[in-house]
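First, one chain by itself: the form predicted on its own, in structure tokens.
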């Protein structure tokens, strides 16, 4: 069981805090000879597999490193275009690590804004007035849990579907937010949270939740 990540979204739909606690990596590294037996293409400034699944490498996986060095989007660490680099027989044999593309900061901002809109749509679709909006979304790989305060701040946790105690964790994060962000004289309301004490207490709360699943009195 695991807690994957935490998002905090302000009442306007802006992402003011995000922390990846545990990101499962289904990554595969293989050494290839020329010519490369995978078809690659550029998608969202990343080099991804478009055809030729093999040995755990799947369509949609992105190139994460070449010869043990992390790539930078569609470029190698030396600034060369990856697709051009892989066309040159002199660069073989080459070791390429593939895996699920990592979300960029801009993508996380966009997804937080999209969830804010979905939350509002959920409230409007309710047959009764005063619906709370979306509190949980479930997939086969994770559950998204959301707790919205009276002031409109949304606390979102992505966790393993089997992880227990998430409701208590969401309220604990709200408590940490109140103690270490709102009471911080240097923090501006609705703005990104940059506070070391907040980070430390959040990480501690996530560790307790993963191990125990609940929060007892005084925790």
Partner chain sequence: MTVHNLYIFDRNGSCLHYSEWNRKKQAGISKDEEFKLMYGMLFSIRSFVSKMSPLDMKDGFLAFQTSRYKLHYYETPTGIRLVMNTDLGVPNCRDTLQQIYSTLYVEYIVKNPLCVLGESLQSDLFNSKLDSFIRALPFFSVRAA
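Under this definition, the rigid core comprises the largest set of C-alpha atoms superposing within 1.5 Å between the forms. Residue numbers count along the first chain shown, from 1. Remember, it's a predicted structure, so these values are computed and weren't measured experimentally.
The discussion below concerns the form predicted in complex with its partner chain, not included here.
J.: Does residue 127 reach its partner chain in the predicted bound form, with heavy atoms at most 4.5 Å apart?
T.: Yes, contact at 4.5 Å.
J.: Does at least one non-hydrogen atom of residue 100 fall within 4.5 angstroms of its partner chain in the predicted bound form?
T.: It does: once its partner chain is placed as it appears in the predicted bound form, residue 100 has a heavy atom within 4.5 Å of it.
J.: Although the partner isn't part of this model, could you tell me whether residue 123 comes within 4.5 Å of its partner chain in the predicted bound form, counting any heavy atom of the residue?
T.: Yes - in the predicted bound form, heavy atoms of residue 123 and its partner chain come within 4.5 Å of each other.
J.: Are any of the heavy atoms in residue 138 no more than 4.5 Å from a heavy atom of its partner chain in the predicted bound form?
T.: Residue 138 belongs to the contact set for its partner chain.
J.: Among 173, 63, 158, 40, which has at least one heavy atom within 4.5 Å of its partner chain in the predicted bound form?
T.: None of the other options qualify; the answer is 158.
J.: I want to check residue 128: does it shift between this form and the one not shown by 2 Å or more at the Cα, with the core superposed?
T.: The answer is yes, as the C-alpha of residue 128 shifts between this form and the one not shown by 2 Å or more after core alignment.
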